[in-house]
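So here's one chain in two forms, each on its own in structure tokens, numbered structure 1 and structure 2.
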Structure 1
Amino acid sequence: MKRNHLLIIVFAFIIALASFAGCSSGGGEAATEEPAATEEPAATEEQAAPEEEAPAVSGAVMIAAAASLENAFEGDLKPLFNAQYPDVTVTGTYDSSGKLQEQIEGGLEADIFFSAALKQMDALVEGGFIDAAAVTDLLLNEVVLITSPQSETKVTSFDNITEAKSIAIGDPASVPAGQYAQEVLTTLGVWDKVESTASMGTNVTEVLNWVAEGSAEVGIVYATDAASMPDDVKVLAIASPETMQTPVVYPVAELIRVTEENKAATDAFVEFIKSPEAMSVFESYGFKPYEG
């Protein structure tokens, strides 16, 4: 009896141990550990504002420019500008700088003046048509003596220009190229003789055409004009700086009269003709950048 009782106690003890071991193991599947939550990046206080597109520019621009600039503007510059600003209409009027000055003073509704000399620009500044701060000296040119390729002239330089039977120059009263020619010939001491017989053109293009067609044996124009007609004229000589009182500087400026309606278009055109792209075009026509 005692032995049976002892077995019962031992058996009960074993069952108790087994039960205790089961409880300590968690009594089922072990709980899986929750993964740590990924922390979202903190929102910035201010989101970067998207870049705004430049407002479209529209309007009309009239440029009054020296005749020697016509080929560059009509041939390349206006089309290049309109490729960037298709809603801007650009018109040009081209003549001697002196005539353009008079027309502006008389009411010509130009927005930009591009002169072939400082004299006419200074006059419009003094007259209150242009703000001096708006003027930019942009280009340089040279004065050259030309003849036609078929000519048998004995003239070889400015020094012996009086050997020509007929001479064409721009009228110094209104044509800058004529003013420069007068400076050169005065320095050389032959102006009085040339003046008494020369044909006076109303602009440099007229002088160029007279020489090209042979109605004038020689003429004085800008280097860029001669370069525009290489098959029709040839250069005999380039005026040396020592014979000129002033360099051939082309200043440009916006007129004060520009209306608010066309202000943005005019500003855009002025900035364009000062750009590296436009300067490359001017140089292709024989101009040089002014670096004074």
Structure 2
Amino acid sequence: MKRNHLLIIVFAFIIALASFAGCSSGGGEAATEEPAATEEPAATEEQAAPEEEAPAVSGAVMIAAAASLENAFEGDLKPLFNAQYPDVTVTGTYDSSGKLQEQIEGGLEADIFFSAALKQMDALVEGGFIDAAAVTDLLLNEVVLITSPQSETKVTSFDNITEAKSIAIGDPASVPAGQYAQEVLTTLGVWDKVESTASMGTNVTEVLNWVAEGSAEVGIVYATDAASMPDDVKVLAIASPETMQTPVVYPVAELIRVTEENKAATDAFVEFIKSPEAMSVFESYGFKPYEG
């Protein structure tokens, strides 16, 4: 609907420009602006044209996604998708994957589930909410060591992390990124030392802020968290996959409950999420494609 309004406005603008150009008998500026403006609706048509059924797809899709995906979806993916499918309304609900799993089990009418870990996806497959064949392990998040751009830390990698005067990590008892940090540091044999000196954040934002302010010399978060504050934190090192028992994989799947009338819209959105176009958006938010 909004897209239609926009088109009408753009169209009206072009007509106005064109008539203006006609009146002023070839005013240089108007003439150069005109083709630029006409390009926009033309491009939209082109994008929609190759997929024959595309203009016909309509409906409502609700995606339940991990909180770390919110910016990517709300900022870029939804508008991009709606440019191709203007008649599909996409709504998003974002929370921790565990909470979303509980909500879906409790009757949340989501059409797509995008989890930040395999565990919650597996639970919903077992619970009969998702068809195992529908699950795609799409994204990879990395565990990174960060510091402030202003810091003069001697730490260069996870191996010599104990040279930092202060370390911030997520509390492994409650923060998934903290559990991964513990895994990595345990493998490297420095967890005992870190545990007794590290400040345990109760969420990732707290860890980011401690590092950004220099209260903590270094911290451990997800690559996507670090990418959300590019001016305030810089990545020192990426944890190698060998130091972790399981990689941080984000699986996505359509739910079994999707209704007949929204099926085409849901399929289209899932296809879009898996497209190279969407992947480049995910990558700009710090994710990596998962090639397992």
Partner chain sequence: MEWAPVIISLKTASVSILITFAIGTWLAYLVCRIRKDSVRSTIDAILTLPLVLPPTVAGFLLLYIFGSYRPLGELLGEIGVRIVFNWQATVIAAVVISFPLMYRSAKAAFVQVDPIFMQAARTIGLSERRIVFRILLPLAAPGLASGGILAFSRGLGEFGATALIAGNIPGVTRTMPLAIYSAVVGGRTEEAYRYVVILILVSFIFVWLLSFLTDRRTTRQRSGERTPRL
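Along the sequence of structure 1, residues get numbers from 1 upward. Since this is a predicted model, take the numbers as computed values, not measurements. Take the two forms, superpose them, and find the largest set of C-alpha atoms that agree within 1.5 Å; that set is the rigid core.
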Only one of these is the form predicted alone, so let me know which.
1
Using the rigid core as the reference frame, would you say D231 shifts its C-alpha by 2 Å or more between structures 1 and 2?
yes
Rigid core superposed, CA of G98 - does it shift 2 Å or more between structures 1 and 2?
no
Given a two-rigid-part description of the chain, what is the rotation angle of the smaller part between structures 1 and 2, in degrees?
28
Quick one: how many Å does the C-alpha of A177 shift between structures 1 and 2 once the rigid core is superposed?
3.8
